[in-house]
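In structure tokens, one chain follows: the form predicted alone.
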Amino acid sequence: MKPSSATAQANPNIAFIKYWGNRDNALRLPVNGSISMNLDGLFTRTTVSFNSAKTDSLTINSTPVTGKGLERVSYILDIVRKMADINERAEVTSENNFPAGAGIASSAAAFAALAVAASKAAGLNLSEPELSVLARRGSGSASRSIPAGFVEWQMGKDEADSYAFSIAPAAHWNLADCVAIVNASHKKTGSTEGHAIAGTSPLQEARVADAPRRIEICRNAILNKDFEAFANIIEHDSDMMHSVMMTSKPPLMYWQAATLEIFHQVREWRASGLPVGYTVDAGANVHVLCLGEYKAEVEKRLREIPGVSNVLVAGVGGAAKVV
């Protein structure tokens, strides 16, 4: 083939029913299904250019990346090269407009954008499920950043059918995610390491066994636009995942003082009539979900909480796409 180039953009997503733990770490096959929402306005934009260089190269936000970061990218490029029957190395340049490694699913957006750009540059024409499977190989949650809007990732029976699909379009429900940033620095223990030790917690088995029930409640809450049911189940699921993290060996404690303060405030606000609910990914930052018409009020209140350095506000995002 002639060396070619493509650019793609993908949103991070926030999981409402969490993915935590793999039944196959190499293939990133999850121990349970999950549900998420893409975050509009937050994005990773990635360009993949196949060329005659001797090695792959990676630049993120104008900084060259080597070591593990480059290895994870080359792993996906190798899969694409095999599928397309090509040998060219690739130059990969990527940029985020939100903090990376801070519990805002930067790897989800990154590997979704990489999957779309690399496959397009290699001349492949992959279906949405195939793109979701490819993205999953780089980061499990990246499978959910491929389809649009509200997304469910089925655990599947094997490698080919563990992919994500849209359960409702972005326009279905006007939700907003007000992300309270309490720590924008890169976390010490990443999600990949966390997934690997999830099974050491005595609570993980119960969390996984109950997942289908929580998925059904969450899916129905989204489809029926039932905010009260939605807020209750996302908080419950988030607390369960962090309970597993805290009781793993070694224990993972992502929460900070401000994280806990936000939990208390959000529950008080909801009790007094404001439609809000919280969820936290692998990090200290808190995603506060609300009905879209209340986002300015929620952002204002979050900014007044000591320890909150910034608030990012996102609506429901679309699918990963070539740009």
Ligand code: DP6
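One rule holds for the numbers: they count along the sequence shown, beginning at 1. Keep in mind that this is a model prediction, so the values were computed, not measured.
One more form of this protein, predicted together with the named molecule, exists but is not displayed; see below.
- Using a 4.5 angstroms limit between non-hydrogen atoms, A282 touches the named molecule in the model of the complex.
- Although the partner is absent here, V73 sits far enough away that none of its heavy atoms falls within 4.5 Å of the named molecule in the model of the complex.
- The named molecule in the model of the complex is approached by K18, whose closest heavy atom lies within 4.5 angstroms of it.
- The closest non-hydrogen atom of P147 lies beyond 4.5 Å of the named molecule in the model of the complex.
- With the named molecule left out of view, the stretch that reaches within 4.5 Å of it through heavy atoms in the model of the complex is, among 170 to 178, 133 to 141, 197 to 205, 116 to 124, 133 to 141.
- When the named molecule is considered in the model of the complex, only one residue from L77, V151, I233, M241 comes within 4.5 Å through any heavy atom, namely M241.
- Contact annotation: of the candidates S191, S248, S162, S94, the single residue with a non-hydrogen atom within 4.5 angstroms of the named molecule in the model of the complex is S191.
- Contact annotation for 287 to 323: no residue has a non-hydrogen atom within 4.5 angstroms of the named molecule in the model of the complex.
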